[in-house]
Structures are given as structure tokens and as C-alpha cells.
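There is one chain below, alone, in C-alpha cells, taken in the form predicted on its own.
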Amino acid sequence: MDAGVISLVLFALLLSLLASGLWVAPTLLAVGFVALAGFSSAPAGSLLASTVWDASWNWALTALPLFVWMGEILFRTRLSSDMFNGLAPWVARLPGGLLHVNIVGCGVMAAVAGSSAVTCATVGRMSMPELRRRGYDETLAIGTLAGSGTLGLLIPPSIMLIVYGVVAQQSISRLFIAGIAPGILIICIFMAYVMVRAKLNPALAPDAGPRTTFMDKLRASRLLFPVMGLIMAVLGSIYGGYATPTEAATVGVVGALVLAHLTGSLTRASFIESLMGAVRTSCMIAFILAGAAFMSIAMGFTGVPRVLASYVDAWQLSPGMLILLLTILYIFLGCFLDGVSMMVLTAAVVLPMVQAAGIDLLWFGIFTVIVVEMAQITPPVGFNLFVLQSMTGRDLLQVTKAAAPFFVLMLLSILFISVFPNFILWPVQYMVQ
């Protein structure tokens, strides 16, 4: 049977199983099994056993549960309130005032949590009551949280970058380095947008109150020392060549436990809750990765990726047009799938196409994560939208409208890194040398 027809049959099966409510991981395993049993002569059962086993003990994956656990521990500490009080004096006098605490605070939290939902919830539960009390526009406040909360997927240590590194067989350390510059870029774009909105309509962000002296700001900054120290310990050990991502994740867990103990939030109950939360999240991601690995092997035996890559080559698409089409595809998928599922589901087909087009896989990893970030604020499956809906009590439509401008701003960031790819690649080359 023609590989094009096979791809349509398998895609229809995939959509049918997902629409039926079957979990993503079993769906990937089922599609892979059908592909091998029905469209190739390869032993489906043996390949299923060997592929799932190989995917389950991948050494790079050992960093994943540790970084997830670190975020779960910090989620239960006083970190968010300390960050708010430490950052507020520095940004209060900017146009937009304390709304910038949401943006910068999410950037800082992203560097220790690695999760979008944890970042959004941790900063939001502290900032939203304070912003309401001071009369800030709630729609803009929700929007800054929705957009900036997605930084947890990009700024290292990012769980999504670890997943991509495993799927695409790229260096996780290099991906972490590559994620810093675009993360800072998105923070700057968000802050610039808020400043423009506040200048055009000062009622959106009331006056932040009396000015604080430089010494007052320095005293407030002491509250940031614990989290900044943890960030330096985790990322510095990786970039300095002293530790692998897995070893750095261990440092992060130990540091998070110390911070939780010092803030008085480390109890037997919180310890067990954080541990079980990390187990649930890590097992879910590992199960999906195992299913994706098996489907990737199955796709290879059917020849579908090779044929699709030849189609793209025959269409004579420029790398820019291919990126445009993939952006549209990922935004569409983001309406129905979570980020991890979306990334691993498309890897078997998309990565060969990208390689055939001559696109750097390191750059493509950052591009993919930014598009997955956008999926976090697209209904009906945008996780950040659900977090903010439960936190603010507003309906999903209101939260979506608040997040829409930040969705557009992330599109602008994709355009920027597409025009200037060395913005991502140069820091990696520089730090590796």
C-alpha cells in the first residue's frame, strides 16, 4: 500500500482513538502496533517490548522527575510572597507598576519550577489579591499571568526541553543554554506591551504609591536571595561544567527541601504531597514518551516519515514556509492536546521533515517549545487558562480574551527568532567554546 494512504489511515485511527477519550499514551501504542502489524512485516510484539523498555531507562529522563519534584516542593513554600515583596520596589515606578511583578516573577519562578502550571499558580495566588486590592485592571493582570506563566516551559530547567532533548536526541545542556535568550526576549516583549498599554490608559495601572529609596530596594532584595541562590546553584553547575542536568536536578531538590525547611513549610504532609505530585506527573510524561518511541519505530518501518519528507522536498517549500505551516499545525493541535503529547505525537513525522529542510534541530527545539507555550493559552485545553479560571473565578471566555494579546506577542517572538536564528544559536556556540 502507498505510504501516503497508510499515513491517512493511521492519522484517522489516531484521531478516532483520541476523540473516544482514550489516554494519549495507549493511543500511541495502539497506532504503532496497527502500523507494524498491518503495514509491515516487522514483529510488532517484540518491537513493542524492546522499544518501551529502551525508552523507559533513558538516562536523560532521570532529570525529569527530579526537576518536577523540585517545582512541587517550592510550590508549597513561601516563595511567591517573598518574590512579590522583593521585586515590587524595583518595578513599581515603571508604567504598568506591579503588573511587571507578574511577568518578572513568572520568569524567576520558571527558572526553579520548570512547569507552566506551577509557575502560573505560584505567582498568581500571591499577586492577584494584591493587584485587586490596589485597583489594577483585572483583565490585564490575568493576561500577564497567562502569558508569563508559559515561561515555565522555556526558561531552564524546563521539563519540556528535557522531553524534546530525549525525543530529538539533542543535548539537554545545550537546549537549556539556548532557552535563556528567548525567555528573556519574551519577558521584555511582555513588559514593553504592558508599559505601552499603561501609558495609553493610566487607569489600567494606578499609581504604585510613594517612591522608595535605593537602600529600601536593596533591603527588599534580600527576600530574593534564597531563590536566586537556588537558580545559580542549579544552572551554574550545568553551565560551569560541574554537573550534568541530572546531578544539577539533585542539587535543586536538596536546595528546595532546605528552602522549604527554612520557611517552615516542610512538613510530613507537604513532603508526601510534593513527592506524589512529582510521581504522577513524571509517570504520565514517561508513559507518553514510551508510546511515542514505539510509534516512531513503527512509522519508520512503514516508511511514512520518509515519504512525507519527500513530499515536502517536492513542494520546494522554503524553511520559512515550512516553519509557518508547522506553526499553524501546532497551534491547531494545541487546541486539543497538552504540550508533551503534542510534541511527542508529531516528532516521528516532523523531525525528518525539518532535518530534510536543513533546519537546526537545536533551534527547532526552542521554536517548538514557544509554540507549545502558546498552546497553554488556547482553549479548550489550555492548562494555564484552567489554572487562572479556578484562581480568579472568571469564566473561560473572559480568561481567554485576557490572554489573547500575549498569544499574539508570542507569535512576534517566533517571527523574531525565525528572522534572527543566531539569537538562539550564538549563545550555545559561545558557551560551549
Partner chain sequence: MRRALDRLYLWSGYLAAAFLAAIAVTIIGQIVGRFFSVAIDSTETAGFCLAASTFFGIAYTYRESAHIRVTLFVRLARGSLRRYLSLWAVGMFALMIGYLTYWSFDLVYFSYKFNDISPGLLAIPFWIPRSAMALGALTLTIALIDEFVCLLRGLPATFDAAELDTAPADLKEAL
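What you see is a predicted model; the values in this text were computed from it and never measured. Residue numbers count along the first chain shown, from 1.
Not pictured, yet referred to below: the form predicted in complex with its partner chain.
Colleague: If we define contact as a non-hydrogen atom of the residue within 4.5 angstroms of the partner, is Phe423 a contact of its partner chain in the model of the complex?
Modeller: Answer no; every heavy atom of Phe423 is more than 4.5 Å from its partner chain in the model of the complex.
Colleague: Please determine whether Leu153 contacts its partner chain in the model of the complex, using a 4.5 Å cut-off between heavy atoms.
Modeller: Contact check for Leu153: no, nothing within 4.5 Å of its partner chain in the model of the complex.
Colleague: Look up in the model of the complex whether Met284 has a non-hydrogen atom within 4.5 angstroms of its partner chain, and give yes or no.
Modeller: Taking the distances in the model of the complex, the answer for Met284 is yes, it comes within 4.5 Å of its partner chain.
Colleague: Test of understanding: in the model of the complex, would Pro405 fall inside 4.5 Å of its partner chain by heavy atoms?
Modeller: Outside the cut-off, so no.
Colleague: So if I measure heavy atom distances to its partner chain in the model of the complex, which of the stretches 320 to 328, 347 to 355, 169 to 177, 67 to 75 falls within 4.5 Å?
Modeller: Only one stretch qualifies here: 67 to 75.
Colleague: Pick from Glu130, Asp360, Glu273, Glu138: which residue has any heavy atom within 4.5 angstroms of its partner chain in the model of the complex?
Modeller: Checking each option against its partner chain in the model of the complex, the one that comes within 4.5 Å is Glu273.
Colleague: Only one of Val118, Ile142, Val112, Ile159 comes within 4.5 Å of its partner chain in the model of the complex by heavy atoms, so just point that one out.
Modeller: When its partner chain is considered in the model of the complex, the option within 4.5 Å is Val118.
Colleague: Let me know which residues along 146 to 160 have a heavy atom within 4.5 Å of its partner chain in the model of the complex, or say none if there are none.
Modeller: Nothing in this stretch is in contact.
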